[in-house]
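Here we start with a single chain on its own, the form predicted alone, put down as structure tokens.
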């Protein structure tokens, strides 16, 4: 579960709060979109969850970790409970697809026998088994994003976080990618939080939507659409 309680964030050297009094929960097994105009604080919330940035005030708990009290040496253990997907894929260009996925588990000293099995499992899950020995530059943008999603699944995360995952994809591939996240949510029971500006996709998915504006959560609607007007609150 992701639990924000009156969270604020001010970056050093600035007066304006990037996040102001943000309070919301994402329960285990939910699929939630986080939307808002450019500069509204979406990326800041993403970085607060991934522990890339410290919060200024309030409290955050994710997957039973209290991020306020989380010691630096425990951050890698916390991050293993997260699967993170980025807009720009962030694959290692000198490694094959299989090597990119295996690297995630090698750095935490998992037995190679289990790594190979897990690589095959997640590639089958995202429909990329036949691309196992390809290098990233040999793949299309949609294929690279599927590999990055497979990489996010390697450690069986409790939460998948996706930051503008369709930003570099055409509309058809964007829809396929969101459908894959939906399948991960439904079949693996993984919590999914997607930061996006893709209005058509949000409208089509019929999921819970959190609305952010000027660092504040201004709306929270089940089966929401991208556009928001009206009083704050779940509808």
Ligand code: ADP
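Residue numbers count along the first chain shown, from 1. Since the model is a prediction, treat every value here as computed from it, not as a measurement.
The protein also exists as the form predicted together with the ligand; that form is not presented, and the subsequent description refers to it.
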**Asked** So which of 170-178, 42-50, 202-210, 60-68 is the stretch with heavy atoms within 4.5 Å of the ligand in the model of the complex?
**Response** 42-50
**Asked** residue 11 near the ligand in the model of the complex, any heavy atom under 4.5 Å?
**Response** yes
**Request:** Give a yes or no for residue 217: in the model of the complex, does one of its heavy atoms lie within 4.5 Å of a heavy atom belonging to the ligand?
**Result:** no
**Prompt:** Is there a heavy atom of residue 37 lying 4.5 Å or less from a heavy atom of the ligand in the model of the complex?
**Reply:** yes
**Fill in**
Checked 15-29 against the ligand in the model of the complex; residues with a heavy atom within 4.5 Å, sequence order, are 18
